[in-house]
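Heads up, the chain below is alone and in the form predicted on its own; it's given as C-alpha cells.
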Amino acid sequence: MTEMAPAQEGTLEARFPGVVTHDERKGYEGYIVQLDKLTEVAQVLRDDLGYDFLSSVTAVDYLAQKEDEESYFEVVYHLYKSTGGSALVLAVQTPRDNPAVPSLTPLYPGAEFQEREAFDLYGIDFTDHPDMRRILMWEGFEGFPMRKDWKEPYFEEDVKPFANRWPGGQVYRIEDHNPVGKNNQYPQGFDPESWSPAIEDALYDSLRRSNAEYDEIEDLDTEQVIVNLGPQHPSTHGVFRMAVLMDGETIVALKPVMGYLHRNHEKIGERNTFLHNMPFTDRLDYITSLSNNFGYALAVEKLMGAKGVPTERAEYIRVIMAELTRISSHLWAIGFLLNDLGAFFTPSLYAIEERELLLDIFEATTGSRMMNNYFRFGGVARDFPEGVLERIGELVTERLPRKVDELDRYLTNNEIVRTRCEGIGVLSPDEAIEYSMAGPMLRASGVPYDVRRADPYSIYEQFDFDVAVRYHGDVYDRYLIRLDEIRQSIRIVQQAVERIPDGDFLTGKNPYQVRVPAGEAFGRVEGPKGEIGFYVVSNGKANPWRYHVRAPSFINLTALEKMCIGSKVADVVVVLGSVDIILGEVDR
C-alpha cells in the first residue's frame, strides 16, 4: 500500500479516538474503522478532508485456518482526492454469521454496484443500500461463490496446480468423476418444473422505485411501459441488457442487467498461482490486455518489494505497449460509436485499419494479437524483436498522426454526429466524481484526473504530455476526449522510442513460480477505459488469498441511469456506446 502522510494519520485518529486505528497487521497499511462509525468517518473524509473519490470497494473472506483463529469478513475501501494524491485505505470487519455493513452509497453513489457485487458474491448485507439485489449471479443462485468454504459442483482442489496435473501428470477431467445430473446446485425447495420468471419482479420493482419522483409529461395522457433492450442485441455491445421504464419515448428509469458472461474470474484468480493469473488478466477487457497486465504486475510487485522492481528498459517497453494499447482501444471506441449512431461499418473500417497495424506490433512482440500475456513481475517476458521498435517509431511519427487528423476531419463537424451527440447523456463534474467515473468518462466531464499524473506509477513522470479534458460531459465530448488522448499517447510513445535505454528486459530470471510476502497491495493504472486496479492479498504462499479487479467498464455503468433519464430511447444506445464497455470486464 502507498504510505500516507503522518499529518493525515494524526488528523484522522485524533478526530476519532478509539474508533479509527492504524492497521498493524504485517504488510498492511491504512485504517480499521469501527463498524457502526463507518458512515460518520466516511463523511468526514469526504467533506472535511477532501477524499471525494471512492475508487474501489471490495470484500475479503478471512476464514480461519487454525482452531485459535477468528473468522470474519472485511470490506476494504480505497479513497482518493479528485485533485490527486495517494490512497487512503479504510477497512471494516463484520462477523461471517449474518454479516452487515452500513452502505456508503448515500455518500458515494459510485459504491452502488460494488456493494451489490460484495453482497452477491459474499452475502454481506449493506444496510440502507437503495437497491440490494444480486448483480452478477441470477436472483435464484444458491450460496455466495467467493466465500472460501463455497464449493462448486465440479470442485477439485482449493488451489492450483492440481495434484493430477503436477507433479505426477496423471491428468483426468473432474467431470468424468461426477455422475450425470449431479453438476447443478439448486436453492432449497427449488422445483425446475414449477419455476416462473416472477424472479424478475425485484428488477421491475426497482425500476418503479427509481421512477417514484418522476413528474409526468404535462397535457399528455401517457402510459408507462417497461421495455428490455438486449441482452441479445448488437447495440448493447454484447450480452448486456437494459431494463427501461418509458413514458412515451422518454426514459424515466433504467437498470443495467449484467452477469450473462460471468465466469467468476476472481474465484479462478484465487485458485491460480500469482503467475498463472497474468494470462487471465488478458481476458478482462480483451481490447486492452496489455494495460490489464500492467495493473496486475504493479500490485504483485508492490508486495514483492525489491525483488519485483522492473529494469529501466522494461519500464520503457511497458509504457510503449500501454500507450499503443490506449490508441488501439480509442480507435475501436470511436469506430463503434459511429456504428451506434447508425453509420454502420464505414467509419469503423477506417479505425480498424489503423488498429490492425498496432496488432501487428503486439503479435510480433508478445506472440498474440489480442490476448497478450506479456508482462512479468520485474519486467516483460521478452524484448522487442529486431525491427519492431523502428516500426513503432514510423507509425507514431508518420502514419498515426496523419490518420487521426483524417478521422477528426471526417467526423468531428459532421452534422449528424453533432446533432445526435451534443447535449446527450450529460454528466456534470460533481456527478462524475460522485459516481466514481474514471478515464474518458471523468475527464470529458471537466475533471482533469488521470492516474498517470494524479498518482504516478512506472516512469510516466519522465514524459511530457497533457491530461486531456473537456467540459460539457456529453457524448460528443466523450468522442472528442478519445481523439485528444490518442494524440497525447502518440507524444508519449515518440519520446519513449527516442529515449529507450539498452539493458535487460527482466529483473532476474523468468520464473515458473513466485512466492509473494504476506500483505495487501492495490496496483492501479490509467487504462483506456479508466482506472483499472487490482487488489491482492497474500498469505505468503504461492496463490493469492484475495484477488479483486477494480473494473472500469463495470463501475462506469453506475451512472448509466443518471445519464439516460429524460432522453429518448434512441439516445440510450448512443450513451451506452460513449461509455465504451467491454463485457469481459463488466461481468468478469
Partner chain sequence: MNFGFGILRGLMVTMGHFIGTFVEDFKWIGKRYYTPEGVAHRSSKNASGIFTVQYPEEKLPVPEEFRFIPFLLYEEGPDGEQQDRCTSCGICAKVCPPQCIWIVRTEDPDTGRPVPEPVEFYIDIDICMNCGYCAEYCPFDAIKMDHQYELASYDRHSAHIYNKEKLSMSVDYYAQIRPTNYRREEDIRIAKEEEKAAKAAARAAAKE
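For clarity, every value in this text was computed on a predicted model and none was experimentally measured. Positions refer to the first chain, counted from 1.
Below: the form predicted together with the partner chain, not depicted.
Enquirer: Just to confirm, residue 382 within 4.5 Å of the partner chain in the predicted bound form by heavy atoms?
Expert: Close contact exists here: in the predicted bound form, residue 382 approaches the partner chain to within 4.5 Å, heavy atoms only.
Enquirer: Could you tell me if residue 373 has a non-hydrogen atom within 4.5 Å of the partner chain in the predicted bound form?
Expert: Taking the distances in the predicted bound form, the answer for residue 373 is yes, it comes within 4.5 Å of the partner chain.
Enquirer: Given that the partner chain is not shown alongside this chain, does residue 309 nevertheless sit within 4.5 Å of it in the predicted bound form, heavy atom to heavy atom?
Expert: Close contact is absent here: in the predicted bound form, residue 309 is far from the partner chain, nothing within 4.5 Å, heavy atoms only.
Enquirer: Check residue 395 for me: does it contact the partner chain in the predicted bound form (non-hydrogen atoms, 4.5 angstroms)?
Expert: Although the partner chain is absent here, residue 395 would touch it in the predicted bound form, with heavy atoms inside 4.5 Å.
Enquirer: Looking at heavy atoms inside 4.5 Å, which stretch does the partner chain contact in the predicted bound form, given the options 68 to 76, 82 to 90, 451 to 459, 160 to 168?
Expert: Stretch with heavy atoms near the partner: 160 to 168.
Enquirer: Here the chain is shown alone; which of 365, 489, 105, 325 has a heavy atom within 4.5 Å of the partner chain in the predicted bound form?
Expert: Contact check passes for 365.
Enquirer: Quick one: from 313, 403, 302, 472, grab the residue that has a heavy atom within 4.5 Å of the partner chain in the predicted bound form.
Expert: Answer to the contact question: 403.
Enquirer: Is every one of 279, 360 and 418 within 4.5 Å of the partner chain in the predicted bound form, counting heavy atoms?
Expert: Judged in the predicted bound form, 279, 360 and 418 all sit within 4.5 Å of the partner chain.
Enquirer: Where, within 336 to 362, is there a heavy atom within 4.5 Å of the partner chain in the predicted bound form? Residue list please.
Expert: 346, 350, 353, 356, 357, 360, in sequence order.
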